[in-house]
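The chain below stands alone and is given in structure tokens; this is the form predicted alone.
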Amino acid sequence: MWSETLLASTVDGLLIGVVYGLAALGLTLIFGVMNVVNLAHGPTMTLGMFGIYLSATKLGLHPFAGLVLVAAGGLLLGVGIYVVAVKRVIDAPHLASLLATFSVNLMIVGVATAIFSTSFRNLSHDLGVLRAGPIAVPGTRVAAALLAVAVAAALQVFLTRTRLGKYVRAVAANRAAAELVGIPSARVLALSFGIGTMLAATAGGLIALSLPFTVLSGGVYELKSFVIVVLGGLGNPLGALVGGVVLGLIEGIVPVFARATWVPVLEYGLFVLILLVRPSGLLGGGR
């Protein structure tokens, strides 16, 4: 029974870890392209949670159809945040961009709290249970993990196989040189911020499929995203996915051996250890 519990917890942690990795992918993409740490990342995830919730409860859409609206809304929101708050401080000292995105964070949380209060919401969408021997996993969690992998794969194809994606990589590598060869860096930066925000909103929507949430839930997942990008390497997309899986496995396995209250202790302890021993992350930082 002990081994069966450990195996089931490992699988469960792996599935949620993939979704965490998708959330962190948005954070690390924005940093990798424009060297900005987005402190509005958590509230964006919250908006994704409420977006899929409202699309299902108010519009009657299937949650996975609502996820398309959430992704589109996240993209537009990200472009808007960039134009209004980030564009003016992108070349300023890091503190300026931190304060700008933190201001957006506070505004989103304040407005969302006034509208929705801080009550818990739960999107009850049952896809049954998938069984493989002693392992029983909720279908919604499997579907969320598969969608997260699909979105991450689509991003990789976009960045490596499309002209616009190559523009993004060029601007990330050297913005001045990219402008010299005719790449519109301002538009590319706006698109990059939009894509990063879209990934965060999508991850929030996927989390809402299987876990309860409030308007303050995004802050928790934002902290997890920072731990993940430090684990994998800030600016390294593959590292974000690896870091997400590591964090998910910690959350899945640790409660089998100890109290669940030890999970954040180990997560943030590992965060500090990586900063001290290998600041570039397990896979190294990248652009």
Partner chain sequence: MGTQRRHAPTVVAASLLVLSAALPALAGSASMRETMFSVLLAIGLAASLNILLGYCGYASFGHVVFFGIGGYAGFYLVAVQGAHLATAIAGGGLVAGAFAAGLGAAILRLRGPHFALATIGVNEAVKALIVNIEPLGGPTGMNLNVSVFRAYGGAAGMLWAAYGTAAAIAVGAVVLGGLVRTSRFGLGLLVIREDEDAAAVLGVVAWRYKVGAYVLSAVFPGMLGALFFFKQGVIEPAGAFRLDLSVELLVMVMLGGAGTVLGPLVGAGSYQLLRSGLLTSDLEVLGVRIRDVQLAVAGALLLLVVQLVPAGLVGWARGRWLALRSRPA
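Numbering follows the first chain given and starts at 1. Since the structure is predicted, the reported quantities are computational estimates derived from the model, not experimental observations.
Only in words, not in the display: the form predicted together with its partner chain, which the text now covers.
The stretch among 239-247, 222-230, 49-57, 63-71 whose residues place heavy atoms within 4.5 Å of its partner chain in the model of the complex is 222-230. Taking the partner from the other structure, its partner chain in the model of the complex has a heavy atom within 4.5 Å of a heavy atom of V89.
Contact annotation: A190 falls outside 4.5 Å of its partner chain in the model of the complex, judged by heavy atom distances.
Of the heavy atoms in R131, none are within 4.5 Å of its partner chain in the model of the complex. Contact annotation: L234 falls within 4.5 Å of its partner chain in the model of the complex, judged by heavy atom distances. Taken together, the three residues L7, A153 and R161 lack any non-hydrogen atom within 4.5 angstroms of its partner chain in the model of the complex. None of A176, V157, L76, V84 but one reaches within 4.5 angstroms of its partner chain in the model of the complex through a heavy atom, and that residue is V84. The partner is not shown here, but in the model of the complex the stretch 256-277 reaches within 4.5 angstroms of its partner chain through a heavy atom at R259, T261, W262, P264, V265, Y268, G269, F271, V272, L275, L276.
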